[in-house]
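Given next, in structure tokens, is a single chain: the form predicted on its own.
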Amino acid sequence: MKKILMVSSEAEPFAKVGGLGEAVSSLSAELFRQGYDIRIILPRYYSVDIAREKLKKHPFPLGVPIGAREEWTGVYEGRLPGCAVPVYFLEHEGYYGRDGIYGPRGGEGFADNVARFALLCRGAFQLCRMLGWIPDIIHSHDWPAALCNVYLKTIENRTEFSRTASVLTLHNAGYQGVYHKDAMNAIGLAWDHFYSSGFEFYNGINLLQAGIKNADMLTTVSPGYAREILTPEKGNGMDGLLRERGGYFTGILNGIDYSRWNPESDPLLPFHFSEKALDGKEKLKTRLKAEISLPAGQDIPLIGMIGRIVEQKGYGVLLSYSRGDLAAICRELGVQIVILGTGNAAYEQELARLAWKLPNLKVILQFNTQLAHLIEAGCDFFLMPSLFEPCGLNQLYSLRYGAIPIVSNTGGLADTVEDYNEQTGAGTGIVIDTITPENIYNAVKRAAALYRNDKAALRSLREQGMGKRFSWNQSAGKYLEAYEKALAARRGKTAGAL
């Protein structure tokens, strides 16, 4: 049995900001089901306190050498809910004993993030030594875990990890961990690595760039996004380095856990439904509208949005005070819209102001899992006008829950949603080619017209989407192929079976 260590700043349900946390846990659970020895390591943030009494504390502290200094951490151990995947938490009051994962809500990242995540990455190697468990693969996720790839190729190159291969997954290449070059001191490597290990970035350091340079294999979370970030327009400065990696970079579409996201059995829903029996969905729409105080009435299209309220998700365009913006959509198209999420403080304030003025717009500025499930199940459509979207999960939930997705033609959205063809009836959603206020407006107008004028076509489109499956079983097989390639690169031989 092959051993795989997941190193991440997030893992659901313990710590989650976006899709990263869900992807790490779901992939780990699927690989475990397929017989692999999977373990996860992440920091024990304050947010994990709620489960602390359920965690096993290891009796001895873990010493983590970082350059000339040594940090001491506690180690807690838990399990992923519903399976036996071990999850290890590094406890360090100075670095992790605070609210927030990357920074305080609505603020910038913590000033000591390089030291915080260097401790996680160096601690991963020390934890394996403590457990007497040396992985075949270290799978790191995004810039906070990218240092694992550097440490493996430098200070761990001739240790018991000499035959361990590294895989780095870019969940969002727009977040790179860019800091002042003095932060090199917190990494614990000699200054000659500033250039040789790929940290140097406009006279600062870039943790993701260093990870990309040193990883044995690189993946990202959809084939479409993999193609996009090879271009200067969407590569966020990493396109040249990714092109250099050539065949050691691939896009693997995220999946979702259909045992959790199933409208026929979802425990968070008061009613259930399927593509062949949609009565429950109508009841859920009524329940949702009552819960968020939207005017009653089934003949009004209800559109949902869930997620981070940030520029990437299209909020800058929606709130642009130009023809076709969110206010115009609400005032002119006869739809109702519910938005759930948190993010940019200025966008939050503007949304709250609009919701106060517009009775058909409801904005809930919080993270609420139960309400998220109810929105997916109760809405007729789901709007995702992202400027870029590495994979996206909400459009996958929406397809399964019959909330017809209205999405931009980018990344994983383009890989998973097929534009509705009025002539043939084919398709699973409505695709917006270029994100402008007017184009979003026209897409919503198209959805509203379909809702009001052709109930048979609407039902057919909904059923086609609900029948689609994007499972982790398929994705896990592609990750296993990536692991094989990484092992072959690391060990200098032809890739064989794991």
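The structure displayed is predicted, hence computed values, not measured ones. Each residue number is its position in the shown sequence, starting from 1.
The discussion below concerns the form predicted together with adenosine-5'-diphosphate, not included here.
Q: Given that the partner is absent here, state which listed stretch (277-285, 360-368, 67-75, 243-251) has heavy atoms within 4.5 Å of adenosine-5'-diphosphate in the predicted complex.
A: The contacting stretch here is 360-368.
Q: Contact with adenosine-5'-diphosphate in the predicted complex for Leu127, defined as at least one heavy atom pair within 4.5 Å: yes or no?
A: Judged by the heavy-atom cut-off of 4.5 Å, Leu127 is well away from adenosine-5'-diphosphate in the predicted complex.
Q: How about Thr342 - does it come within 4.5 Å of adenosine-5'-diphosphate in the predicted complex, if we only consider non-hydrogen atoms?
A: Yes, contact at 4.5 Å.
Q: I'd like to know whether Glu22 contacts adenosine-5'-diphosphate in the predicted complex, with contact meaning heavy atoms within 4.5 angstroms.
A: Yes, contact at 4.5 Å.
Q: Is Met238 close enough to touch adenosine-5'-diphosphate in the predicted complex, meaning at least one heavy atom pair within 4.5 Å?
A: Flag for Met238 set to no.
Q: Taking 4.5 Å between heavy atoms as the contact cutoff, choose which of Gly304, Gly307, Gly177, Gly224 touches adenosine-5'-diphosphate in the predicted complex.
A: After the contact test, the surviving option is Gly307.
Q: Give me the residue from Tyr420, Tyr397, Phe199, Trp143 that has a heavy atom within 4.5 Å of adenosine-5'-diphosphate in the predicted complex.
A: For this set of options, the contacting one is Tyr397.
Q: Out of 378-416, which residues reach within 4.5 Å of adenosine-5'-diphosphate in the predicted complex, heavy atoms considered?
A: The stretch touches the partner through Met384, Glu389, Gly392, Leu393, Asn394, Tyr397.
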